[in-house]
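Below you'll find only one chain, the form predicted on its own, shown as structure tokens.
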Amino acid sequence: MNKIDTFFNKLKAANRTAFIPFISIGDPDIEASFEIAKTLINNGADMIELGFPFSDPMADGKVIQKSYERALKNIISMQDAFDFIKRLKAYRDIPVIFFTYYNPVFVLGHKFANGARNAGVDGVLIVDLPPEESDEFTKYIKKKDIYQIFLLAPTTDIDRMRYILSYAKGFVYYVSVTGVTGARETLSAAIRSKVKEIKKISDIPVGIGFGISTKEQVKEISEYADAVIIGSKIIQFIENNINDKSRILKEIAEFSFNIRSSLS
């Protein structure tokens, strides 16, 4: 069984909502990002989403765009990313979701699936690869017991939702806002009803991401979702303290602990 399934089965039995943080591999540098990942794990992360730095991140807001820019200056290769994940898995074997765009994956073809499996990747979220265009990629990763994680958005109609959910494995990522990533002060009241719609169609776990930044938002989302995903708020701590690694780790540790404590 894929570790994502095992993970959500355990959480369901414990009646608990997962905390899934997102960071960019190589931001502000490869070793610092590794320490950040360990800090997140040590302070409550149940699963971690790791972004591969990409030069044209169309789904990401300015905070994550800047994060990728910082990482790209360090010339992070796909092999660097796989080595990073392998080291992290040796530290703590929690499920890892690899977030990327399709271009760097397409270039590698089946070699991507081999590298991802050897590194210990459990799921891959390719934001610009919809299900109807993913057959070739799915063929490669299915043999390696890696799941492709799909997105649903507020604008996804019911027929499209059914179609995407027919492909979904592990969990489905519901984008809580229209637009790009970035912390918001308020979230739409329609999220709860959308999650209910999803759960009427499929029993797959639902993770909520995009815009989440406060423990109050997290506490509310935990009432109806299976996971909360936070990226921009965490990465903002890096940007705000770019020349002070110890403060980056301290602020991320405190934030993560508070988020974990807010989840039921």
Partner chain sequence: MKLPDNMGHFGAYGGRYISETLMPAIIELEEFYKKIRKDNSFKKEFNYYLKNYVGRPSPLFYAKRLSDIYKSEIYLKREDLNHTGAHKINNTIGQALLAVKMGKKRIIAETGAGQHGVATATVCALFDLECEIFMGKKDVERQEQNVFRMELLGAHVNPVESGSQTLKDAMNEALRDWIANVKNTYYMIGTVAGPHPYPQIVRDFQSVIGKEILKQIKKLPDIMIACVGGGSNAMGMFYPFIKYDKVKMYGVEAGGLGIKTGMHAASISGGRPGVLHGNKTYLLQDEFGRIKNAHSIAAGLDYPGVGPEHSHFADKKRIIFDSVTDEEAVSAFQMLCKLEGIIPALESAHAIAYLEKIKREIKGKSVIINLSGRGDKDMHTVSDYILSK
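What you see is a predicted model; the values in this text were computed from it and never measured. Residue numbers count along the first chain shown, from 1.
Below: the form predicted together with its partner chain, not depicted.
The listed set Asn103, Ser166, Ser193, Asn118 contains one residue whose heavy atoms approach its partner chain in the model of the complex to within 4.5 Å, identified as Asn103.
Only one of the listed residues (Thr214, Ser202, Gln65, Ser222) places a non-hydrogen atom within 4.5 angstroms of its partner chain in the model of the complex, and that residue is Gln65. Look at 83-91, 141-149, 110-118, 68-76: in the model of the complex, residues with non-hydrogen atoms within 4.5 angstroms of its partner chain sit in 68-76.
With a 4.5 Å cutoff on heavy atoms, Gly207 does not count as touching its partner chain in the model of the complex; it lies far away. With a 4.5 Å cutoff on heavy atoms, Glu31 does not count as touching its partner chain in the model of the complex; it lies far away.
Contact check for Asp27: every heavy atom lies farther than 4.5 Å from its partner chain in the model of the complex.
In the model of the complex, its partner chain sits within 4.5 Å of a heavy atom belonging to Glu136. Shown without its partner, the chain has Leu151, Leu152, Ala153, Thr155, Thr156, Arg160, Ile164 in segment 139-169 as residues with a non-hydrogen atom within 4.5 angstroms of its partner chain in the model of the complex.
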